[in-house]
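Shown next as structure tokens: one chain only, the form predicted on its own.
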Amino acid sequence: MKCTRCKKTAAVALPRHNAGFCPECYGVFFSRQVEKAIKERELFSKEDKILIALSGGKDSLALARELQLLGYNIAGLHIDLAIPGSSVKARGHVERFCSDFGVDLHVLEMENEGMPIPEVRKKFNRPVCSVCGRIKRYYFNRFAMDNGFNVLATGHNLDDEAARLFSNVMRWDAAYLGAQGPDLPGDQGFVRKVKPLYRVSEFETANYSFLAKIDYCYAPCPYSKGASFTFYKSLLDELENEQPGRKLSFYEGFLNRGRQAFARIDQEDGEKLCPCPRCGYPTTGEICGVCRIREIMHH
């Protein structure tokens, strides 16, 4: 197969684009997809101060490298969850990446916050993934707000976003559907949240990381086995194999034709946010979810 752009031998085939690219042209393709996402959705500009949530995986590291190459003002934040084995590996990959590519890095340790995930897991009967996610969102947002960042960027790719949309549609969860998208405005105690990789698939970010010589962590979290999210991804992978391009059309179709309707429903009928009396974080309850977790941890 020849490269669609320069006619050299292609290294990566992309059926959904009906194209293939050599290593050099693949970098151009990837950059253009990210830039298109940023410009079409007006995610941020060169004047913004962007904090990138760095997990150590291929997506977040690829995002940091690409935004750096595009000339954006970035820094990284890694949250050390204190999970035996996996957290040490993930943190090591983040620290090496930031050292190698000259990215400013900040690290928050959940051990120091009194919420190491193994201990949190012991206190809850339900799967720890949702609790862990809530803790991470809280600290990413708080760190950004406290340190002058006006944009928080995550490495969620097209596969992540399509699977999340599918899951929310299966439950017809109006609140989540109204807030689903690559651009969530910053207000009421939240910093602006963006997902610049929403146009590229997991396969495409993996190829980008490989070709850019990014040493990423691929050890899965030991607590994530059996998550329904993984099952939804596999279903959509089958659909994409039969109908290349279906994931992006499904996701962008929702953004263009469905999102606003669900946002209006949530605005009219949804629960109203107010500051948590203990920490100031926006919440719909008497105290926010993380303060509630802290309470449970101390009992």
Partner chain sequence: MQILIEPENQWATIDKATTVLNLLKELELRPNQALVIRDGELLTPDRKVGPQENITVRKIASRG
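Positions refer to the first chain, counted from 1. Because the structure is predicted, anything quoted here is derived from the model rather than measured.
Beyond the structure shown, there is the form predicted together with the partner chain, which is absent from this document and is the topic of what follows.
Contact check for Ile287: every heavy atom lies farther than 4.5 Å from the partner chain in the predicted bound form. With a 4.5 Å cutoff on heavy atoms, Thr9 counts as touching the partner chain in the predicted bound form. Remark: Asp237 counts among the residues lining the partner chain in the predicted bound form, judged by a heavy atom distance of 4.5 Å or less. In the predicted bound form, none of the heavy atoms of Trp172 sits within 4.5 Å of a heavy atom of the partner chain. Candidate site formed by Glu111, Lys122 and Ala144: none of these residues places a non-hydrogen atom within 4.5 angstroms of the partner chain in the predicted bound form. None of Glu202, Glu95, Asp80, Asp183 but one reaches within 4.5 angstroms of the partner chain in the predicted bound form through a heavy atom, and that residue is Glu202.
Out of the listed residues Ala179, Ala75, Ala219, Val128, Ala219 is the one that sits within 4.5 Å of the partner chain in the predicted bound form by at least one heavy atom. Stretch 239-247 is the contacting one of 267-275, 239-247, 60-68, 29-37, since its residues have non-hydrogen atoms within 4.5 Å of the partner chain in the predicted bound form.
The partner is not shown here, and in the predicted bound form the stretch 170-192 never reaches within 4.5 angstroms of the partner chain through any heavy atom.
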